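Coming up is one lone chain in C-alpha cells, specifically the form predicted on its own.
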Amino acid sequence: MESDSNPLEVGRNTSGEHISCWLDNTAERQYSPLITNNHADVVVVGGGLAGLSVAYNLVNRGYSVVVLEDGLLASGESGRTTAHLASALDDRFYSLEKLFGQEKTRLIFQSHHEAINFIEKTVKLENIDCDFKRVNGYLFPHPSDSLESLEKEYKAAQNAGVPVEWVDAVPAMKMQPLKALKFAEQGQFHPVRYILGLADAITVKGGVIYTGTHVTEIEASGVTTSDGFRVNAKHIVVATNSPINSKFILPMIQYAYRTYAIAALVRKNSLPLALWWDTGDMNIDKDTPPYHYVRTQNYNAEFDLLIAGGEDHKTGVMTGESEMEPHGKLEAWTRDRFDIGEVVFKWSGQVLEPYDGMAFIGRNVSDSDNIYVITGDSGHGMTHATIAGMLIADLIDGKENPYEGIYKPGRVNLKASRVFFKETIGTLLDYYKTRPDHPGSVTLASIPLNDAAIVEFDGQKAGAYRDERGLLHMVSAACTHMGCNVRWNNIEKTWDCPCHGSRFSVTGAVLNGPANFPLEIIDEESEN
C-alpha cells in the first residue's frame, strides 16, 4: 500500500515524500561510503540506470570503474520512473523527421530499439529477475488532437523503419478511439530490480560502488567528495540526471518538468501486458503536449498494478487552485478509460526536455575531452540511459558509434530554435509571474504543520517548513545554482527551482541538479 517517506529524510532513498511502487517492494541496497582516496580508469558519478549502464559496459571491456552515488542506488529519477521501454518516441517521428531528416530519424529509432534489445540480452545473461517483458504499444489521439497527426506519425514511422500498423481497437480501454497505431517490439521491466542486478554484475566483474558519497568537484584528473576524498581517473562520467558540472550551457537548452504517476489495483491477469499512450493535450502546448502513459505490472498473488502517468507541468510552477490536483486529475482520466480499483501508490518524477527532443550524451561542452555527461531524458530515461552506456563506452574505447552525432552535447540544431526561445522566455515569464511580491505578508506563526512558505527573515527571503512536531526548518530561498528563488512543492515536500529544475529537501539538501550545493540553513528546528 502507499508508503510515504519522512520529508526530513528525503534524499537518502528517493527524491520526494511519496514512494514509487518500485522502491516500496524492493529491499534497499547500501554500499560503504568512500572513506579513502582511490583511483580507477573511469569514475562514474551517479548510481541510477545511466551511471550503472556505463559502468557495466566498461567493466565488461576490462576497465577499472568506481561508481559514486550521493544517496542509495536508484534514489534519483531512476526509482521514480514508470519504466516504459519504448522505441516509439513521444516526440513523434514526424516532428523528429522535420528536425533531423529521415536518415537521422531512422538512427534515432534504431538507437532506442537497440537499447531494448540490450536490456533483454543483459537480463538473460546476468539472470536478473526484473519482470522484463516484450509488449505492444498503442498510440491513440487525445481529444484535442486529430487523426491527421496519427496519419503523419504512421508515415514518418514507416520512413524510419519502425514496426507500426493501424488498429481499430485498443485492448482493455473503455473509451475506444476511432483508430490507433500499434507499435510492436516495445518492452517493460522493474527498473530498480534491473539496476540492482547491474550493480551485482558490476561488482562481480571488479567494479567498485560507493553510496552516501557526494561529489563536489569534477576535474580532468578526477573528482573530490564533500568529505575531501579523491578518486583520480583517466575518464570521468557525470550521470546525475541534470549534470552538476555544467552550470550554464546544458541547463539553458533543456527544461525541467514535473510528471505524475499513480498505481492502482487490478484483478490478477485481467489486463493484457501492453503500453498505452495518448498523443498529448494540444491545447496546453503544441510543441511538447503533456501526454498520458499507461502500463501494467505484476504486484502480488491477487492483484496486478495499472500504472498511469501524466499531468506534466514545469518544475516549480504549480497549476490549478489545489497543489494536490495532478494526482486527482490523473486518477479521473485513468478511471474513465480503464477498470481499476484502489490507488495504492502515487508519486511524481522529473523530466528534462531538450530543446530538440534528443538526450545529451557524450563529451561535455566546454570541458576536458575526458569528461562525459548524460542528461536530457526527454521522457525516455530508461532507453536513453541504456544508449548512454553503450555510446560512452565506445567513446572511451575510441570506437566509432553511429549515434555519437545525434546525441552530442555540443550539437546545434537551428530548426529547433523556435522551441529554444519559447521555452527560455516562457521560463523567465513563469518565474516572474509566480514570484511572491510580498513574502513578508506570510508570518512564521501562520505556517501549518507539515507545510511551508517563502517568508522574509532578517532582510532575506527564506523557505520555512514546519514539521509535524511543530518545529521550523528555515533555509535560504536562493537556489545555489544561479540564485533564483525556490518554490514549495507541497506534493513531494521539497523546495523546487522554477528556473532550471534544481530541487532541495526541507533541510536544504540537494535532491536534483544542476545545483550541487545545499541551500544555506538559516534557522534549523526553531520553535518560532
Ligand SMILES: Cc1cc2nc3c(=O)[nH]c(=O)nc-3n(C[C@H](O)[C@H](O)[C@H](O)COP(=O)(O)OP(=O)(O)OC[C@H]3O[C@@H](n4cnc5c(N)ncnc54)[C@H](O)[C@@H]3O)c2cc1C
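From a predicted model like this one, the values you see are computed outputs, not experimental measurements. Sequential numbering from 1, following the sequence displayed.
The discussion below concerns the form predicted together with the named molecule, not included here.
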Contact stretch among 35-43, 461-469, 487-495, 66-74 - heavy atom within 4.5 Å of the named molecule in the predicted complex: 66-74
Partner-free chain; cross-checking the named molecule in the predicted complex, the single residue of Q254, N241, T105, S87 with a heavy atom within 4.5 Å is N241
Give me the residue from F360, F93, W347, Y194 that has a heavy atom within 4.5 Å of the named molecule in the predicted complex. W347
Determine whether any heavy atom of M382 comes within 4.5 Å of a heavy atom of the named molecule in the predicted complex, and answer yes or no. yes
May I ask you to check whether Y293 falls inside a 4.5 Å heavy atom distance of the named molecule in the predicted complex? yes
Is there a non-hydrogen atom of D278 within 4.5 angstroms of a non-hydrogen atom of the named molecule in the predicted complex? no
Against the named molecule in the predicted complex, would V351 count as a contact residue? Criterion: heavy atoms within 4.5 Å. yes
Using a 4.5 Å heavy atom cutoff, which residues in 199-213 contact the named molecule in the predicted complex? It's fine if the answer is none. T213
